[in-house]
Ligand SMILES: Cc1cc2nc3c(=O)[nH]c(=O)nc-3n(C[C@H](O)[C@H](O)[C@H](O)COP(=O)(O)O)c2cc1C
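Shown below, as structure tokens, is a lone chain in the form predicted alone; questions about how it binds or moves come after it.
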């Protein structure tokens, strides 16, 4: 059965390694027959959350920028895939800001059930992405029908294009096919 999948690339670097990894996942999901939409935060205007909680009543953020449109896409997706570079053993600031700005989803009838994390880092230790996974799980824990469904981490990836030939590309493709 075809699912509506949203892939969110949070790197602001053109043709970033995490974006290449995200496209591999996207290709796998499309090969499995899913309806996949790819969104990049690059060139998006996304301000910091003000913590006013007006979104809980309004169903949208009071800040009128690109985050509201992306939040609606998250709301209507059945699977959400976050792709991020790992900076200082954590998700990118852009990813965290978008997660914060999607706070209006909490009281709404969100459709997503499966949430995935794709990440890359210069560090190659298998625990390099642990804090990013933990941070994403903190968001997922706020949605009783959602679950952390899987991850792909590409370590030893630093300079632009360094992900070429990395085994994580095949892993991401295969994970995309399993949705």
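Quantities reported herein were computed from a predicted structural model and do not represent experimental measurements. Residue numbers count along the first chain shown, from 1.
FYI, the form predicted together with this ligand isn't displayed, but the following is about it.
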Segment that reaches this ligand in the predicted complex - one of 141-149, 43-51, 62-70, 123-131, heavy atoms within 4.5 Å: 123-131
Any non-hydrogen atom of residue 170 within 4.5 angstroms of this ligand in the predicted complex: no
Residue 106 within 4.5 Å of this ligand in the predicted complex, heavy atoms: no
Partner proximity in the predicted complex: residue 86 to this ligand, non-hydrogen atom cutoff 4.5 Å: yes
Residue 158: touches this ligand in the predicted complex, heavy atom cutoff 4.5 angstroms: yes
